[in-house]
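One chain is shown next in structure tokens, namely the form predicted alone.
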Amino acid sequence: MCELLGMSANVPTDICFSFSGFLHRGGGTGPHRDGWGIAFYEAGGYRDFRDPHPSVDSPIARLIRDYPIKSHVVISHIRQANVGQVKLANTHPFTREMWGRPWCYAHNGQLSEAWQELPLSFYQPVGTTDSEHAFCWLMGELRQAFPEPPQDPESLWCHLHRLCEQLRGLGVFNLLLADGEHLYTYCSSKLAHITRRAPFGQASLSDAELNVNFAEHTTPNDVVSVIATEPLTDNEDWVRMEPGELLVWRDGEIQGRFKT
């Protein structure tokens, strides 16, 4: 299956360290050779990079690893194709607009053939994956329920959890979703997270020979949370999410938690 990487931080933060280990799983230490992508939200703007080639060999991936793009919210994905050809149109993350914001999405898992019966309304897929079809359905359901941003965000979060539960009923559905302010993480089978705050310490990557002392690159007020399919470091205590659990992140902190 594919793997996911996300970040939520209270200050503009680069993801170079985590991405350095993550990209090795795309054809190096892992079998995910069928494309990769990463998206950044920056000061009200959005940009992404996608490549249908293995991240471990990708010059674009090396650029991202070495170029410290500062962001509050990041979503990344490495693909092991099961539905849809290996091509750019089928490469995560996918993006759609709602309420004047770019919503970014990446999925890990595989759905049964029943995904083809999910009715689409406002949004249509460009590629041929179960992942993108599910995203278009999910966004359409949210837009029908909330034509405008809700005054009570928890009503949106509860509805999103119900929709994710429906998709989990069709197979394996691990999700990262972001709207520029919040990062939503839903666990169907595997997701883990870690929150780094003062006092910061050292971290060592599992997939590459790289160590960092975060105390040298942070302030006492920084809060940075990283979410991944599998822990990226071998000397830190990651927390594994429960199947059916949705976490809502903002500025590196958990704002909402919903369980089956």
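When you see a residue number, it is the position in the sequence shown, counting from 1. Source: prediction; values computed, not measured.
As for the form predicted together with another copy of the chain, it is not shown, yet the points below apply to it.
Do all of Asp152, Glu181 and Val223 end up near another copy of the chain in the predicted complex, with near meaning a heavy atom within 4.5 Å? The answer is no: none of the three residues contacts the partner (heavy atom, 4.5 Å cut-off).
So which stretch, 188-196, 231-239, 208-216, 50-58, is the one near another copy of the chain in the predicted complex (non-hydrogen atoms, 4.5 Å)? The contacting stretch is 50-58.
Just give me the single entry in Cys158, Val172, Leu88, Val83 that has a non-hydrogen atom within 4.5 angstroms of another copy of the chain in the predicted complex. By the 4.5 Å criterion, the partner-contacting residue is Leu88.
Another copy of the chain contact at Ala114 in the predicted complex, heavy atom, 4.5 Å: Taking the distances in the predicted complex, the answer for Ala114 is no, it never comes within 4.5 Å of another copy of the chain.
Is Tyr123 close enough to touch another copy of the chain in the predicted complex, meaning at least one heavy atom pair within 4.5 Å? Residue-level check for Tyr123: yes, a contact with another copy of the chain.
Does Arg96 reach another copy of the chain in the predicted complex, with heavy atoms at most 4.5 Å apart? Contact check for Arg96: yes, within 4.5 Å of another copy of the chain in the predicted complex.
Tyr46: touches another copy of the chain in the predicted complex, heavy atom cutoff 4.5 angstroms: Tyr46: yes, in contact with another copy of the chain in the predicted complex.
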